[in-house]
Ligand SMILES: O=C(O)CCC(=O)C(=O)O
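This document opens with one chain alone, in structure tokens, the form predicted alone.
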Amino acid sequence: MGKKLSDAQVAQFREQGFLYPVDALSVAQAAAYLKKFEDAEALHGREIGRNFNSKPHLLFPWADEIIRQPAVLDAVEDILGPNIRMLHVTIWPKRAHDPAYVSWHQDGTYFGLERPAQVTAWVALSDASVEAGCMEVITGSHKLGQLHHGEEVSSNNLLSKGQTIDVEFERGNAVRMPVRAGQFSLHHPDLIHSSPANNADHRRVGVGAVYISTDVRCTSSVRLTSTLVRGVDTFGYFDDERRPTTDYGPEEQAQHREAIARFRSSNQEQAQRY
């Protein structure tokens, strides 16, 4: 028995490549974080999900708090071990009755990690039902390894590069993963997954955080930044990220610009390989 997950749940994750739903926040806590997210949008006059949705934990203390939730980190530790870095964070909002979607892809494609000691936690701040366009996964597809991706050109694709698997794969064992506000799901970096449009009457908002074991390094020539969220790091493969103290402060913005510039440069380098 682990800190959060049972032995059966860990075994399920390793066999199927995903696990859901897992409780993290109360409904009230999720609603409070959703309000802080919406307040930040109102203050800056733009939608976070279509603008500065990558690495928001460097800009906003509330986003930093979400990725450090003990329930989430306990589950991640049960899979990766006690020494954990958070490599990347993305906020995923889908407007009600909006055609925006996420195409079939694998998370690890553009990270360039030497081995897949990585897990993504998707934390729901509002209900992510089937109708609202929850995540859909292909059971056991993480065992296929890295598949070739192309770039799907569509203004409705929420992925930054439109990265889409462009080889055939079996879709007969697809599973939808609905989670309620405050719950989260876990999935392997090689798991094939997507999410369709939101046909519900409410906005669907979630935070996707990519965690790695500290002994994993990026093969890119660009040295990336990441956040040590639990344990110790004796390897030093990444530059540390500072925790934000002020919402969208000048120091926070400067660190964010630098981190994103490195991340995008590394992504471009990895894209040449797939």
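In this text the structure is predicted, and so the values were computed from the model without any measurement. Start at 1 with the first residue shown and count on from there.
The following text describes the form predicted together with this ligand, which does not appear among the structures shown.
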Proximity of R85 to this ligand in the predicted complex, heavy atoms at 4.5 Å | no
Answer for S195 alone: is it within 4.5 Å of this ligand in the predicted complex, judged on heavy atom distances?
-> yes
State yes or no: in the predicted complex, is some non-hydrogen atom of V102 no more than 4.5 angstroms from a non-hydrogen atom of this ligand?
-> yes
Contact between Y110 and this ligand in the predicted complex at 4.5 Å, heavy atoms?
-> no
Of the options Q183, Q163, S126, T120, which one has a non-hydrogen atom that comes within 4.5 Å of this ligand in the predicted complex?
-> T120
For the spot marked by W92, H187 and R204, is every residue within 4.5 Å of this ligand in the predicted complex through some heavy atom?
-> yes
TL;DR on 149-157, 92-100, 71-79, 164-172: the one with heavy atoms within 4.5 Å of this ligand in the predicted complex is 92-100
